[in-house]
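The data below hold one chain only, encoded as structure tokens and taken in the form predicted on its own.
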Amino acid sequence: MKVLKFGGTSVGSSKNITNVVSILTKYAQTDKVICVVSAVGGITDKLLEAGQLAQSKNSAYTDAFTNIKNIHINIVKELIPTDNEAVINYVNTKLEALKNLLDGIYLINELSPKTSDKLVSFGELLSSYIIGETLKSQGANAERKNSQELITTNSNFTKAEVNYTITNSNIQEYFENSTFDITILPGFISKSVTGEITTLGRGGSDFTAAIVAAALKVEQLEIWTDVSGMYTANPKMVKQALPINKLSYQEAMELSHFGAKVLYPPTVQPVLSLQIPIHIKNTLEPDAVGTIISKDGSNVNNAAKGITNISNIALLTLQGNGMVGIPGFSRRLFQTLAQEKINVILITQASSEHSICFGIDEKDAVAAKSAIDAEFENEISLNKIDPILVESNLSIIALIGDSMKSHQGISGKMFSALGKNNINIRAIAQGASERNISAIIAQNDVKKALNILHEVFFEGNIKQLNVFITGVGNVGERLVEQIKQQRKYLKDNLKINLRVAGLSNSRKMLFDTDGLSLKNWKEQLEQDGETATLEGFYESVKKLNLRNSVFVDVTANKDVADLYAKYLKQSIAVVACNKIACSSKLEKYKELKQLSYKYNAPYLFETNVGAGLPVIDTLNNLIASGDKVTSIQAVLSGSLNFVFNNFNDTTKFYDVVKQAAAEGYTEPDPRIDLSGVDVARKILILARESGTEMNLEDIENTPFLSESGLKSDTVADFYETLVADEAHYQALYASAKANNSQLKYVAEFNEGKAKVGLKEIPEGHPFYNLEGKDNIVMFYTQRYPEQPMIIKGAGAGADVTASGLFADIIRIGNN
């Protein structure tokens, strides 16, 4: 004999009921089947709503009734399209009785627990009758048996307690004599010893099935729902959630207690005591494996089995110096809550006895505070304890698994992962069994936290990075394309799941919490993007609250750089090719470094110096290993190197600068490069990263531009000066040629001082043969006092700059 239970979603429509009928018919071919059914999906809530409307003298209860009636009549007509008159007449008779009850509630303006039980019982009575008649219409040897004739309770309405002696006898006697292949039982409903209609409370249909299964000592109880068993996390919040094939009773109870809605723990107690396995199955995918819950569970090595949560939690704290060493506070506190019938979900107490924290349902918070403050009124008035402190908008997350106690470092791994993503933990509780580690966090961090923990414990250490890029022009476009090209490689080889979750140019911005496809991202940005603002982009990134978020600045905009602090304070990593922040006032530079450390949010800017060359990374490694920089000599402008490598007595300076701009080697405003400001910023950054405190104005900058070029008001004016002052630039070239030298714009740092300027580099010098747009950096250190460490290569260009940004993003992924 088999006992199956189908929940409200499983019988929520004629289509789903057809699936149920098919499953029952198949099972009945090999064994007798007992099927417990819930009310049609949503009907219990609709019945309560109608009752409440009637109680409040709102005539709209009749509309609610009509809706309930139409749902059931339509289902009958769809399931039994012909010869259905008798069935419809019976259903109408029951519905008329329902209408009379609602009319009575309306007239007397009262909805007592007793009447409420009578009201909601119509849901299961109707669904079970319809399913039974559907089976009969298809030739099945089936019968609907009213559970009220089998399950006997006390008169505790809305949550009646079962009299197992009478109930077990009734069930055993009925089924010993039953000749039907399929028996349909309405779940949830019962009758008291005095014959009054009662209900079994939350999860009542599960309870009915468990009572029957235990009474008959069947081999297994099957609970059919709309998901394929229990999952490692809520699949609606964690898309990578995996079905769990096997669980122990204790693991299943913990998962269910902390929010997994597939099972309600108290209702399956009858089968737990007899160690009858429970099989969770999916009505919509009957061939799916589902989850088997048994005594032994699974012997799979994974320490954790699942992550779950309870939302709408209030954290209450009773604290005060007067509690220390004084017995009885805990007893009085929890006795007060018990008297108010308030369930405590989580408890934690400081070893100092100075405070007790506990989590309850948020809807009970006001009543709990009022009752506790009244109980401790004397102690509060004497300032021995504080009035109860209430914090709302919280949620409990729980990591669960029988084997966690035999694995070291689970708690550390859990809290470290949350901390790295700026998720503040308000309270922690861990049972002595070490089967459950619970933490209270902000409600709006729940999805993020579940995904972080699932990634750490169940996804083979694949780390998801969510990248937000502002500035998708020349360099930004190359970066997006590089990410698109390398995503599979990163996931397969570096275990990094890199997603671009947001893009912005100067006009539009576009976001997707699941990551943009990048196939036609330009068109999508233009067509679907909203109007872009820098603050709006930040607020959107913050609101999405995705784990391992990285903000990438591919602009030269001061206003964007001014937002870095905001991102870092949200534990959002910052990757920038924008040099403005790192070369701003020393206090700002230090602040960003400190925020990065404080909020565990990397701030990387490798492309500030040398584009894709590992200049800053190499310097940081030298410093971290204990070396000390004594001097730096460098050609740090790929733009200027390109200009002076292509400028000679047969070219015009104007033409070469224009070519450099067209090929993307200069900033949009070439004066930034040619004035030496850009190079000064770069040597400043290297000096600061070496440990020297200085500002931009401390750097000696000897300009080579003509006086009119330096004083030009606009980019257009500047280009005009290049034409007018060609003789000035030709004179610079002629001097270098006469001295058998090359013109190079050189940055120097020595003994705490820095300077930049155009130099004539003689033949034989490492800078002499520097070609094209290449950069070169020579680090003289205590370990490299005579022969410097040299880094050389392309120092400008969209592709290499994009690759430098990409490398910083990957560093964060590997962190």
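Residues carry their position along the shown sequence, with the first being 1. Only a predicted model underlies this, so the values are computations on that prediction, with no experimental measurement involved. We call the rigid core whatever largest set of C-alpha positions still superposes within 1.5 Å between the two forms.
Although not depicted, the form predicted in complex with aspartic acid is the subject of the following passage.
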item	value
Sole residue of 153, 639, 205, 134 within 4.5 Å of aspartic acid in the predicted bound form, by heavy atom	205
Partner-proximal stretch of 669 to 677, 628 to 636, 607 to 615, 195 to 203 relative to aspartic acid in the predicted bound form, 4.5 angstroms, heavy atom	195 to 203
Contact of residue 35 with aspartic acid in the predicted bound form (heavy atom, 4.5 Å)	no
Aspartic acid contact in the predicted bound form: residue 44, any heavy atom under 4.5 Å	yes
Aspartic acid contact in the predicted bound form: residue 777, any heavy atom under 4.5 Å	no
Those residues of 109 to 140 which, in the predicted bound form, come within 4.5 Å of aspartic acid by heavy atom	124
Post core alignment: residue 752 C-alpha displaced by 2 Å or more between this form and the one not shown	no
Flag for residue 127, CA shift 2 Å or larger between this form and the one not shown after aligning core	yes
Rigid-core frame, C-alpha of residue 48, shift of 2 angstroms or more between this form and the one not shown	yes
